[in-house]
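In the form predicted alone, a lone chain appears below as structure tokens.
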Amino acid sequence: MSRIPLAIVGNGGAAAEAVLALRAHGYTGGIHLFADNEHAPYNPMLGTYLVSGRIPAGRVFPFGDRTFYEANRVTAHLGNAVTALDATRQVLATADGASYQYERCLVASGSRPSVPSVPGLGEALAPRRPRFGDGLQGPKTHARRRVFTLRSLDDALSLKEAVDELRSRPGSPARSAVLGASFAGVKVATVLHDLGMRVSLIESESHILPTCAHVDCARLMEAHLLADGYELHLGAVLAAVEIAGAAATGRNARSGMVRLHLGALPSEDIDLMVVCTGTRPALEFLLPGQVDVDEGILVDEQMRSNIPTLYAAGDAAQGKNLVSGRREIIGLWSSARYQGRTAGRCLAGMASGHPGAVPHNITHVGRMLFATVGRMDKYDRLTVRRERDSLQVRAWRDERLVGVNLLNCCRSAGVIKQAMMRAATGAATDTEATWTSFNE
């Protein structure tokens, strides 16, 4: 068994920021990083930009290429996933059969797509294999994959390949569907629509962006999408997925078509589907009963778990939500980087802490720009301000601003987020002054 001073499980923003913080604050020991992929730290928020062609593949690595590891004296075990982590014995095992005894460990393993249990969906998401003809003539047709998630770099590259191939076909525009009207879902739908595809957006809840948009905002965005030619299936449940056979040939063949069964609604045939139904922390390697886990690993302000030698950051960790006061996963690239930076400083022996974060996000919904800050699910009262095509909805609890929706008026989103953080951390004690510019 190899002995190592510090192990990092993961290869995203939290892991990279931890490495930089460790070296910047005087840590000179060995760092061993383990990942199930073979590329430099990747920003999954850039996947849609890669699919749309707005950025080249090289731009999705915010910390540079794989020279990042050499420059920061990291022993990178790329393509070698951690398969088991015994936090009590401080031992991890990897896919190549090796075991490592570590002194301290940071789990920054990120998250994986959460896929609903729908008949045919798992098979549709599996990579497609070439279909061979008789004898030794080689593949006659290729059963291309037509159903995707969008989390990893491989996801983005595979989706881009399929989109580019469909757009190159002559004839009517390809039909696409997005399952889940989450932030990721509406962003993917917008990208596919802007690339000339016909888009159906399927959501089991009664309005789009159900976890963060007030219904007033959602209805305006839905009307806008319908006017722009999107199809919306709200309150619709996907019952089954079928992939058509690949027997057809020729440039106009419809092989690989996806048939969606939507409960009581008529079935729908599409060329491509993207599943955006949320994510879950990638923690399947943890031995049960050792680390305190809710959805993710529960951590304090220093990113420590209940086991002093084990830290966690990013989508694998539940830090403090400054609005709710609870430890929650805040699936933001910025939050992952802050948490990773904090973990790195603490592992280097610095007295540091990350008080928590305020959930926030901003995206285009068609041609409208929507931002949300805080939480819109628990409030005492609402204030609404409409001006032409813009809308502001503010949620208040105990006379404190806890959530804001901004539609086509998003310039103040950053200011509102900072004000919420200052109030929640005690940096601003005069809440009346803090909220004065946001009151009705």
Ligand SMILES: Cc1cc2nc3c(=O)[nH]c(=O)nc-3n(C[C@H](O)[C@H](O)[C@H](O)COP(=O)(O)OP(=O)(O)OC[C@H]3O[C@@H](n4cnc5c(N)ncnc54)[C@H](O)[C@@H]3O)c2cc1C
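Note that the structure is predicted; figures quoted are calculated from it, not measured. Residue numbers here begin at 1 and follow the sequence given.
From this point on, the text means the form predicted together with the ligand, which you will not see here.
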Of the options 232, 282, 258, 74, which one has a non-hydrogen atom that comes within 4.5 Å of the ligand in the predicted bound form? 282
The ligand in the predicted bound form has a heavy atom of only one listed residue within 4.5 Å, and of 110, 344, 296, 180 that residue is 110
Given a 4.5 Å cut-off on heavy atoms, tell me which of 181 to 189, 202 to 210, 167 to 175, 234 to 242 is the interface stretch with the ligand in the predicted bound form. 181 to 189
Run the contact test on 214, 372 and 408 with a 4.5 Å heavy atom cut-off to the ligand in the predicted bound form and return yes or no. no
Should residue 81 be classed as touching the ligand in the predicted bound form when contacts are defined as heavy atoms within 4.5 Å? yes
Can you check whether residue 151 is within 4.5 Å of the ligand in the predicted bound form, heavy atom basis? yes
If you check in the predicted bound form, is residue 332 within 4.5 Å of the ligand, heavy atoms only? yes
I'd like to know if residue 361 sits close to the ligand in the predicted bound form, meaning any non-hydrogen atom pair within 4.5 angstroms. yes
